[in-house]
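A single chain, nothing else alongside it, follows as structure tokens in the form predicted alone.
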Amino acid sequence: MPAGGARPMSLTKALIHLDHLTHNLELLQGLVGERPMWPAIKANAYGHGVDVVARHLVGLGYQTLCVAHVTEAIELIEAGIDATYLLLSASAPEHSESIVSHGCEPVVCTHEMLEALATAAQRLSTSVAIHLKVDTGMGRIGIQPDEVPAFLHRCSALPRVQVRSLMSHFCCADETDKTLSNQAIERFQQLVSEARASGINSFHMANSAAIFDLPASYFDVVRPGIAIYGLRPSWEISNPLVEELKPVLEWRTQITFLKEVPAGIGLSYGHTFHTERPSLIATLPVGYGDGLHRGLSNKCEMLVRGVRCPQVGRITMDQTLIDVTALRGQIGLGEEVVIIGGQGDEVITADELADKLGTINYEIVTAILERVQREIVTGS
């Protein structure tokens, strides 16, 4: 053992409920039937800890996992997590050799990338599977629908390139108005027959929102993301089954300092908060360096003994303050504090924090940085 004893545990933790992850996957699988699901684990599994999540998914039998970039895939491959990695973002030609050598399957939507992958596969005496991305309305990446035949023809002339699927992505599937989404499905559907005649036998475009509200988009495979983590794609989803999702992540810390402060005292940088009464103020070892957004300063609450306690003063890089005056005489150092999750009869959700910032729950959880220790919880 190194000098100084065992490595200390982090005071701020993200608790990952793997049983909730399994529940959410089963819920989604029930909607799509026997179609394969290719879960999205990009951005550190939406902040949930990619190593933990990926190992659990593979253990459940999921064989294809969606990441953003080849660097994310390589990290998992080197960690010994055996899966097929679909790279969802457009890659650069200079990454072709790494993509091919690691057996990754990239989304492709440019001739430059196609040729670079073919060259790398030739050089490495192997082949590469690709997923041809079509823009059906998202306006981000993808070839136009009328370019598909020519692109597939070019692919057929490259023997070391295999087109595993044709794919697309929604821009508005999480909105009440499904007009644009239905138009996207129609555009994609028009490509299916022609692409099948070219030997393509896999088509996919459904994300979490589409799995709930757009069954016509299921095609051969679906790609759930935010929903596997138990978070709603939006509050405009109409399918009541969305209510059965169980959040996978809780975010907790503890009190490291307590101080009595008289009325009229400014707290933290800039003194953006002044006490209006004699107050008991707790310091917590969590800040924007952990992913607790500075924009939440003086806007959010945290739970202590099931009581909502207001955050006060500016959130700093490593520490923040909460007003625990309501619990004077009941708490001490080491008291648990819940940032996201339940305690007693109260619950603070990622959606609540997102609403205070004018953003979405995706950003709240994805922002939780790696220095926040992920701790596996196997039971509710």
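Just count from 1 along the sequence shown to find any residue number. Note that the coordinates shown come from a computational prediction; the quantities given were computed from them, not determined experimentally.
If you look for the form predicted together with a small molecule, you will not find it shown, but the lines that follow are about it.
Relative to the small molecule in the model of the complex, residues His20, Lys246 and Trp251 are all farther than 4.5 Å at every heavy atom.
Just one listed stretch, out of 323-331, 37-45, 351-359, 307-315, contacts the small molecule in the model of the complex at the 4.5 Å heavy atom level, and that stretch is 37-45. Contact between His111 and the small molecule in the model of the complex is not found at the 4.5 Å heavy atom cutoff.
Among residues of the shown chain, Gly225 is one whose heavy atoms approach the small molecule to within 4.5 Å in the model of the complex.
Put simply, Asn207 is close to the small molecule in the model of the complex: some heavy atom of it is within 4.5 Å. For Arg154, no non-hydrogen atom is located within 4.5 Å of the small molecule in the model of the complex, even though that partner is not displayed.
Only one of His102, Arg140, Lys299, Lys259 lies close to the small molecule in the model of the complex, with a heavy atom inside 4.5 Å, and it is Arg140. The partner is absent here; in the model of the complex, the one residue of Leu132, Leu88, Leu284, Ala184 having a heavy atom within 4.5 Å of the small molecule is Leu88.
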